[in-house]
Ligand SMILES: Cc1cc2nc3c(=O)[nH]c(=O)nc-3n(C[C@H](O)[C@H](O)[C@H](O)COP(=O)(O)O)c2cc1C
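The data below hold one chain only, encoded as structure tokens and taken in the form predicted on its own.
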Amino acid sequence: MPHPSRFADLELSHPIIQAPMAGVSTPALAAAVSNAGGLGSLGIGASTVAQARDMIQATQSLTDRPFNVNVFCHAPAVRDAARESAWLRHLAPLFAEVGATPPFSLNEIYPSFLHDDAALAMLLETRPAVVSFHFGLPDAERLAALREAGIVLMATATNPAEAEAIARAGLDAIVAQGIEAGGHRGMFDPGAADERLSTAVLVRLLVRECTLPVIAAGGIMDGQGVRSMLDLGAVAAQLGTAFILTPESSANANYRAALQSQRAHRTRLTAVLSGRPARGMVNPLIEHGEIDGAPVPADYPVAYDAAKQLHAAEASRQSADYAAQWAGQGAPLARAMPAAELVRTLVAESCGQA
């Protein structure tokens, strides 16, 4: 039988969740949002266990309020030497442009939580209030261990079938990720047909079909957007791109400048950067990877190794043309202000006070 949802036990003052955003979220950002009455988040999917522990403990030292820790539950990469070699050959001209030689081979740069016993043990030790899953769900044994530790559990769904699986697994809330969302699309099977539902349509479907609380995610940038999702039946709104320009995020100067430029008006969902569909601001790497006749990128996260090495090579020349700069379709609406001020602004706007 499904477990009763414990999402309401978090007692959030405001129905606002800062998206985890691995590589951008920080303890300072998560704590600021939680201290302001929302739910801050850390994305540890690309971190080592030691790095993740340090981030969680640092956040716990900055707030006594609940915060969320997000992990990746992708299927381990399918290694294909021929496919990976073809992808590196395709990227060779870009490496040459920055005066670098393509790597001889690629690596699976981080493991999936599905098989990471050390990461599970670390979460059971540190016990964050919330753990959320992206790209799928861990097995019943891992879910039971986290639940027994008193941790509230959430997972991303991009369609009703994924939401049904989350409900059957006994989690506490569903993050309904619409096609507008920046960063990696949380679909369980990236090879399956994707209806590409908007956030609004997905929220309405899940509110009608599911008994679990539904959290809206994708394209929400201001309080009016938050209010519209609450009016559609969501219990909270999750915002990612909206928090990138806060001083507490770890976004670098190039990322911030791009988000405040005309580039923010062009985002694209692509597998070129990492090997899985993800939405970011269009750059020359995306365009090169999608030209006619381009080979299929290496599997996730192996392709990400190539993109990161290419960006590292160009960074030595003070350039960021090939950087993965994730952003949702609402990117032009991003505002630069401290995280706590942004939460207060969102709340005021959602109440019609700004």
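Quick note: we count residues from 1 along the sequence shown, nothing fancier. Small disclaimer: the values here were computed from a predicted structure and weren't measured.
Unshown form predicted together with the ligand; subsequent notes refer to it.
Residue Gly43 is the only one of Gly43, Pro301, Pro297, Gly38 with a heavy atom lying within 4.5 Å of the ligand in the predicted complex. Interface residue among His90, Arg276, His134, Arg142 relative to the ligand in the predicted complex, by the heavy atom within 4.5 Å criterion: His134. With the ligand left out of view, the stretch that reaches within 4.5 Å of it through heavy atoms in the predicted complex is, among 77 to 85, 215 to 223, 266 to 274, 188 to 196, 215 to 223. For the chain shown alone, Thr246 is not a contact residue for the ligand in the predicted complex, no non-hydrogen atom being within 4.5 angstroms.
Within 4.5 Å of any heavy atom of the ligand in the predicted complex lies no heavy atom of Tyr322. At a distance threshold of 4.5 angstroms between non-hydrogen atoms, Ala22 is in contact with the ligand in the predicted complex.
Heavy atoms of Phe113 never reach within 4.5 Å of the ligand in the predicted complex, leaving it off the interface. Residues Thr241, Ile244, Tyr255 of 241 to 273 are found to place at least one heavy atom within 4.5 Å of the ligand in the predicted complex.
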